[in-house]
Ligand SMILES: NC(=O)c1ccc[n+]([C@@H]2O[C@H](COP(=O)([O-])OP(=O)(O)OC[C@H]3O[C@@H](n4cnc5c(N)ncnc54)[C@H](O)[C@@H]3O)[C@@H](O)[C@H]2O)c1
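Starting off, we have a lone chain in the form predicted alone, written out as structure tokens.
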Amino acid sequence: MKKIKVGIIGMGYIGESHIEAVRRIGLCELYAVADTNYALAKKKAEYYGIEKCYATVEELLADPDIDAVHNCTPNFLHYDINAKIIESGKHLLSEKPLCTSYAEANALCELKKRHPESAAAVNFNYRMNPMVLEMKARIAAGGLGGVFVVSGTYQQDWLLYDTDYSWRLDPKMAGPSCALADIGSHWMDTVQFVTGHTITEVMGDIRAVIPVRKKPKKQTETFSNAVPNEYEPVQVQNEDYAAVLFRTDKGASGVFHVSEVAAGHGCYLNFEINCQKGSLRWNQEENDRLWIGRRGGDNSLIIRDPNSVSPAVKPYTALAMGHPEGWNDAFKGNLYSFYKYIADGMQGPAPFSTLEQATYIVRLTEAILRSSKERQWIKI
């Protein structure tokens, strides 16, 4: 079978994660990279032995050998670059959020309808953790009964100090949201994917815990601990904390909060689903474990085992029990689901986040921001 040739745009922190994941998937071949910082792109290309290197999006899209393109650029570039990729007829895999506004995201969905020859996905990678898939399979099987309540958090500490600064705090580059669009989008997508419910009403409380930050005069990399020597104080507009109450289309209630100022947490995404006959809980930082709660019986802690997971989970787990699979494995699994879908002729429902699903996440984000401003429930 002919391998799908892949080009990646954007060589920052997340772009390198895409490089490593693509290189682990047999269905595709990492063929080209591009970045406006051509020296950085060239350095990555040489290090990873990548055949082609470009300085612009247009140069990469003009290469007829490239079949699929990953957009790993900052948020404010997503609409224009994603539109160009779709119009080129190449397959698109975009980083989240899909766009910085619902209007832009919806416009991309309409554009994609005119190009059915290619696939398009957004990288909500937590869907493909094996234990997340196991939760989804067990809820869908019906043995736990209907979903009553969903709760959880997503906490990080990379914006804990006033010397921590990111372009995600700047609405000109990130859009109107930091924590919600950055990590809250993952929480909402994963929970909706697992439960089969759609969040339809929200009440949000948004806050910039650190309202003034020290912006470095020289660019720093995401998650860097380096304290800048030269900086300027800036008034922060985007939130680093958010709390959300919500209701779903199938009658469940829920609550979650996201924080990027939670000391000691690197990637603490967790959620609990309370059903009629039992509960399920998963934590990304202990991602090989799935807790099952019961009333009137023993609780259980399931350890991921490829020999005993549900059939739908087996394609996304490989290591023997006791050999932990982590964030990068789920990341690879999500990309694998995209390329397997393409290789199989794009038939049936897609397991990854579609443009329509990612557009709804943008819509939810905007509704939560509006709710916080107006201090009331918003129905989507």
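Small disclaimer: the values here were computed from a predicted structure and weren't measured. Heads up: residue numbers just count along the shown sequence, starting at 1.
If you look for the form predicted in complex with the named molecule, you will not find it shown, but the lines that follow are about it.
Proximity to the named molecule in the predicted complex, defined as a heavy atom within 4.5 Å, singles out one entry of Ile81, Ile210, Ile139, Leu111, which is Ile81.
Contact with the named molecule in the predicted complex, defined as a heavy atom within 4.5 Å, holds for exactly one of Arg127, Lys96, Lys90, Arg304, namely Lys96. By the criterion of a heavy atom within 4.5 Å, Tyr341 is excluded from the residues contacting the named molecule in the predicted complex. Using a 4.5 Å cutoff between non-hydrogen atoms, Asn37 counts as a contact of the named molecule in the predicted complex. In the predicted complex, no heavy atom of Val258 sits within 4.5 Å of the named molecule. Though the partner is left out of this view, Tyr102 does not reach within 4.5 Å of the named molecule in the predicted complex, counting heavy atoms only. Contact with the named molecule in the predicted complex, defined as any heavy atom within 4.5 Å, is confined among 194-202, 165-173, 272-280, 306-314 to 165-173. If you take 65-79 and check each residue for a heavy atom within 4.5 Å of the named molecule in the predicted complex, you get Cys72, Thr73, Pro74, Asn75, Leu77, His78, in sequence order.
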